[in-house]
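Here's a solo chain for you in structure tokens, the form predicted alone.
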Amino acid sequence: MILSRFARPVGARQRSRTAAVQTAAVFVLACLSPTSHAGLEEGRVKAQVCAACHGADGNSVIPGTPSLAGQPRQFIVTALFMFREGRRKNDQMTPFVEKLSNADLNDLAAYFSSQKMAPPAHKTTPERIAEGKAITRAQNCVACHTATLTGQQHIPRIASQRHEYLLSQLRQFRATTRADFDGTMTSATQALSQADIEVLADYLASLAAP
């Protein structure tokens, strides 16, 4: 077998990914350290430019745009960092985030994480809820996203997230077209069928805050 001159052994790729994850983790922990000067007021002011898409309080009313209200602070910092560093790309987000400082990321995360989740806009049937619960148990989603599916640390809240956004992100993870912080979601979604993804999105989008 002839290898491309650009190819690297699997071990080297794994080490490179591990190093990237460690670097990002160190950055996020630094942002969240007790010496950080993030403030709700600073975040509120800086978040005004985000309101057109994500809502003034982080509760999006645009179908394909995620809600940020009540997301774990560390997750928001991590997501913004990945956009800024080019590990995630989006036509709307990338031009905005690439100009943000570390302090901006921390302030925005402090503000949005403190906002209250709105009641879910999406409704589904009891049958779909039962199916969705079964899938989250079978795939052990609660191990990372917590029993209430509201997230923790760098793991996002998926309960009451926008239905269309959940569908698109799960499909992208399964197709390996969306960047994954540590590869967990890419791996987890490989066992899901397209029907499973539709059920999960339907179920998760209908969940209210505990």
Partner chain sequence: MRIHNILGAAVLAAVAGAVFAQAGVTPATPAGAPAWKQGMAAELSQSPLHPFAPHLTGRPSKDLPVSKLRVPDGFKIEVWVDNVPEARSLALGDNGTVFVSNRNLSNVYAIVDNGGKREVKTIMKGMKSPNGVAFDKGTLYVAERHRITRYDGIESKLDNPGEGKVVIDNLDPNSQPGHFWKYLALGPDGKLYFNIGSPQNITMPNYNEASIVRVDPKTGTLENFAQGVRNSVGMAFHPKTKQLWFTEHGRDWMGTDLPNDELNVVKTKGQHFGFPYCHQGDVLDPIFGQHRSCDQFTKPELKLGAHIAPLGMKFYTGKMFPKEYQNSMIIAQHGSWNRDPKHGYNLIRVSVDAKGKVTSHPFVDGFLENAAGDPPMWGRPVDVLQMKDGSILFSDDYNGIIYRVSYAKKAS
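Positions refer to the first chain, counted from 1. Remember, predicted model here, so these are calculated numbers, not experimental data.
If you look for the form predicted in complex with the partner chain, you will not find it shown, but the lines that follow are about it.
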query = Is there a heavy atom of residue 61 no more than 4.5 Å from a heavy atom of the partner chain in the predicted complex?
reply = no
key: Distance check, residue 56 to the partner chain in the predicted complex, heavy atom within 4.5 Å   = no
message = Whether residue 191 contacts the partner chain in the predicted complex should be assessed with a 4.5 Å heavy atom distance threshold; does it?
response = yes
inquiry  = residue 42 versus the partner chain, in the predicted complex: is there a non-hydrogen atom within 4.5 Å?
reply    = no
key: Residues 67, 164 and 206 all lining the partner chain in the predicted complex, heavy atom within 4.5 Å   = no
query = So which of 99, 137, 89, 116 reaches within 4.5 angstroms of the partner chain in the predicted complex, heavy atom to heavy atom?
reply = 137
task = At a 4.5 angstroms cut-off on non-hydrogen atoms, which residues of 137 to 154 are near the partner chain in the predicted complex? List them in order.
result = 137, 138, 139, 140, 143, 144, 152, 153, 154
